[in-house]
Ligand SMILES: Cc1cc2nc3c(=O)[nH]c(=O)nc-3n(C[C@H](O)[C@H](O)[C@H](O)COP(=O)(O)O)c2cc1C
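For reference, the chain that follows is the form predicted alone, supplied as structure tokens.
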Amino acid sequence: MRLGPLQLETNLLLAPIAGYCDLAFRSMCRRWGGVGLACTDLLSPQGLLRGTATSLDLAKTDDSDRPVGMQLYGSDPAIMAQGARWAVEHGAAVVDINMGCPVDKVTKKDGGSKLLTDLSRAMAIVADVRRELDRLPLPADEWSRRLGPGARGPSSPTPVPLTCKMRLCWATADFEAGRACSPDLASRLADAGVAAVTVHGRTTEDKFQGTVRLDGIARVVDAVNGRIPVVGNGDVREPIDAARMLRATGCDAVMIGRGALSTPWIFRDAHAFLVTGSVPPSPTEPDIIEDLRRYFESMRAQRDDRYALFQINRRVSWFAKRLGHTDPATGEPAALSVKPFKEAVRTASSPAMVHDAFDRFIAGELRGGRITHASAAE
């Protein structure tokens, strides 16, 4: 995928998943391969400029996290521009403006998808941010450092590209009546120098309910008419979903969010499926547990034990969705409950207890009985 002056290794992007997309998780997805671009969690420009611990942690990156996009949310054009400067100065290869977050704490401050109800403000933010980025061209050697070995960048001083992530519109009734603002907004963004737009195929009122509206993404693709790439987002949980997104909408790339929380190797699998038509063998349960172990230790190293314990406690249900599919006694396919494993991790009060749960699971313990229709919702 070409993103302005950048040639990404694949057309599969890791979404800025609020509350989940920290450096440790981005690194976890990258280890499996197939990630063309990964994005930070939503970043408050005010928090970055004040140097608050939370904002700085969410923006943390390192040399293995390449290329990385930094997503800003807010409603003040001048502050958003200052936040974009901070992002460039701290390693961003792409700056993204959030016009799609539906949560109240963002929209009540006129940010996120609230910008879809005020396109003049949205365009003012884009103008100020784009102008600030143009003042900060990066030399070729810096581009090489920021992009890593898989992507290719410009050979002369070039500004960091600006992208925007949006939803179809605010109100579902507007979409159903053919009045979604996203096609017009995307076209205006292309005219304003935005390098790509990502479209989550739901309205703000949809939140995360229902099914992604692929026809809505297709309308945006038609509106930009090839001037800039369109990235489709929503309900991509398996490799075939990525292929369906590309085929049904005509978009250029696919952004994966919640589907990566239980399957961080989905980028590897989707890329293989798109290129070859086949999916690699699933990781073994020991492979998955070893990856969880590395992820947990990464969180400890990047923050501290308290943070790592909190995060592994709350995320284990996602990670465990791909466990329990092999009988440890026979090695044969099975559908076994992993509730005992999840409970052991959730109640762990020290890193040693987490590692003990990992060890016991690999040893064949911490499994329940076979899952029946009645227990499948555990």
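One-based numbering along the sequence shown. Just so you know, these numbers come straight off a predicted model, no measurement behind them.
Keep in mind that the form predicted in complex with the ligand is missing from the display, and what follows is about it.
Taking 182, 98, 203, 263 one by one, only a single residue has any non-hydrogen atom within 4.5 Å of the ligand in the model of the complex, and it is 98. Interface residue among 316, 323, 42, 68 relative to the ligand in the model of the complex, by the heavy atom within 4.5 Å criterion: 42. No residue of the trio 7, 36 and 146 has any heavy atom within 4.5 Å of the ligand in the model of the complex. In the model of the complex, residue 15 approaches the ligand with a heavy atom inside 4.5 Å. In the model of the complex, the ligand sits beyond 4.5 Å of every heavy atom of residue 83. Mapping the unseen interface onto this chain, residue 153 falls outside it, with no heavy atom inside 4.5 Å of the ligand in the model of the complex. The closest non-hydrogen atom of residue 132 lies beyond 4.5 Å of the ligand in the model of the complex.
Contact with the ligand in the model of the complex, defined as any heavy atom within 4.5 Å, is confined among 296-304, 186-194, 121-129, 251-259 to 251-259. In the model of the complex, not one residue of 273-307 has a heavy atom within 4.5 Å of the ligand.
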